[in-house]
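Presented below, as structure tokens, is a lone chain in the form predicted on its own.
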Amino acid sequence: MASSATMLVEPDVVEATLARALARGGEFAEVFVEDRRSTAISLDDRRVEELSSGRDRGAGIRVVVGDTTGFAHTADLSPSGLLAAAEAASAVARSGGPGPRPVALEGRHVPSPNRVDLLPETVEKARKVALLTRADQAARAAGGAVGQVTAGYGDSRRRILVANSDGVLVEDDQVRSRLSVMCVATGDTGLHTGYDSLAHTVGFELFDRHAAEDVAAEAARRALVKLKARPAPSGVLPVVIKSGTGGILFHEACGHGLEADHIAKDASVYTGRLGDRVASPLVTLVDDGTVTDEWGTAAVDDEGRPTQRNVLIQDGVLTDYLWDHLRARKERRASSGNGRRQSYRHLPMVRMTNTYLLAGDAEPDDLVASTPRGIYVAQLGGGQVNTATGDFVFGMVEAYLIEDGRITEPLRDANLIGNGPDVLHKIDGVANDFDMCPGTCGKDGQSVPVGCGQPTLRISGVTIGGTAGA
């Protein structure tokens, strides 16, 4: 039994709650307890528009019988509140079950992959506002055309406890800090925006390691460069995607299609394809919740399973899917550590953590130099994908023409349009300059933090949804 000195709920209370949840014949029961603190500050037009702090505590309890799940959540963490929620969740189970079933919990410690030196909750708000003020000043100093700057700061500390009828009892303490800057530049071609962000699973020491001014300067640069941008071409062209932000392409275009719930519903183009070649031999795709400091990193997932490194595509061959507890249980295999939920009010589901393409051997400059005509994407924006077909649309928020093997003119915002399985086969160059970026993944009404990453790579042909001729 793990020590209860710092536990969110005493182990004997958790054991009693699980026993009550199983009393009507449940096959599996789980208690998920969460205590979340957060701060959000926004600075707009040099003024603090929002400064808020909050705390949210509660528990979600689920009971599983066959293919049926009962779920209840409560903000009352007292023994009586937890027992009442367990009773409500167990109501879905068979009546006249075997009666209370004792659960012996075995506490375990899973080391965190992240080190926190300065808890954000101990930093005075004036220091956080000063961070935004410096960012605002740096963005405006980048050029007179920058007329509007919005800077946002956020931090959160999320302590969780997960216990279940298999005897699992584990806790995690997740701290995240972020800064974002958006700039608007005005010129003869109208208003243009630029955005950049910094986000890691560390404390306020993040801003000793990285300057807020650098984030702001990059956001301003992206807005200013668009003042000289020309319309993007339309048609099928080779595309070179810069390391880092292009990782969202793999998150959306194939990552979601590899989640076991889509596979079970036959709602993915990758259903039944384990062992098949689904990509270029240059492609090895990984989902890894243990990457130090990255946005999707945690010691355990929201079902108490230690996160791990999962190879999904190895040298172009599909090797595995992503699994949560329930889907893995049906297949008589272990979870891959990908059961995640937005909060204690939500049921867990299969979700990605940090999803990325491994680096190759090519030099980034060589991929551009060997492209006579194409598009260089320095930053991808948001996108949409149909997991059943693999079809996707992504925005290019910073892109340039490639002419005679050189990056030349900037382009106005346009879309990349294609099919995930098709694009994976068309990757013909992977560089050695791996990088990652943070993001927020939405699925079935829930949002969770994720990381995306990839080295610079080249796709031999993708449809560009521009307004000029190819």
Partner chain sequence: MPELIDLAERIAADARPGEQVEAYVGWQRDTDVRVYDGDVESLSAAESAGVGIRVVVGGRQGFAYVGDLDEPHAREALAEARDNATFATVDDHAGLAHPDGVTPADLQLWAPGADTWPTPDKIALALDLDRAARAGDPRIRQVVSADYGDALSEAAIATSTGIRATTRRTTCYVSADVVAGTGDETQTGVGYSVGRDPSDLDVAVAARDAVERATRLLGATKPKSTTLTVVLDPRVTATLLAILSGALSGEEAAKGRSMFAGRLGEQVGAGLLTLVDDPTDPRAFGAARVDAEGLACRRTVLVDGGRLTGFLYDTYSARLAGAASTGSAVRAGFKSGPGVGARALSLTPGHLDRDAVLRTVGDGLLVQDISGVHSGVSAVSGDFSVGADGLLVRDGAIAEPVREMTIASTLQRMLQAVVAVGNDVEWLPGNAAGMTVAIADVAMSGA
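What you see is a predicted model; the values in this text were computed from it and never measured. Numbering follows the first chain given and starts at 1.
The following text describes the form predicted in complex with the partner chain, which does not appear among the structures shown.
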Report task. Give a yes or no on whether each residue among Asp67, Lys125 and Met182 has a heavy atom within 4.5 Å of the partner chain in the predicted complex. Result -> yes
**Report entry** in the predicted complex, segment of 294 to 302, 357 to 365, 383 to 391, 107 to 115 with a heavy atom within 4.5 Å of the partner chain
**Finding:** 383 to 391
Query raised in the report: Though only this chain appears here, would Asp208 touch the partner chain in the predicted complex if you measure heavy atom gaps against 4.5 Å?
Result: no
Requested in this report: Examine Arg406 and determine whether its closest non-hydrogen atom to the partner chain in the predicted complex is within 4.5 angstroms.
Outcome: no
Query raised in the report: According to a 4.5 angstroms non-hydrogen atom cut-off, is Thr6 in contact with the partner chain in the predicted complex?
Result: no
Query raised in the report: Taking heavy atoms and a 4.5 Å cut-off, does Leu191 contact the partner chain in the predicted complex?
Result: yes
Report task. Answer with one of Ala72, Val168, Val202, Val146: the residue that has a non-hydrogen atom within 4.5 Å of the partner chain in the predicted complex. Result -> Ala72
Report summary line: In this chain shown alone, the residue from Ala334, Ala264, Val311, Leu119 with a heavy atom within 4.5 Å of the partner chain in the predicted complex is Ala264
Query raised in the report: Does anything in 391 to 426 come within 4.5 Å of the partner chain in the predicted complex by heavy atoms, and if so which residues, in order?
Result: Asp391, Val393, Phe394, Gly395, Arg412, Asp413, Ala414, Asn415, Ile417, Gly418, Asn419
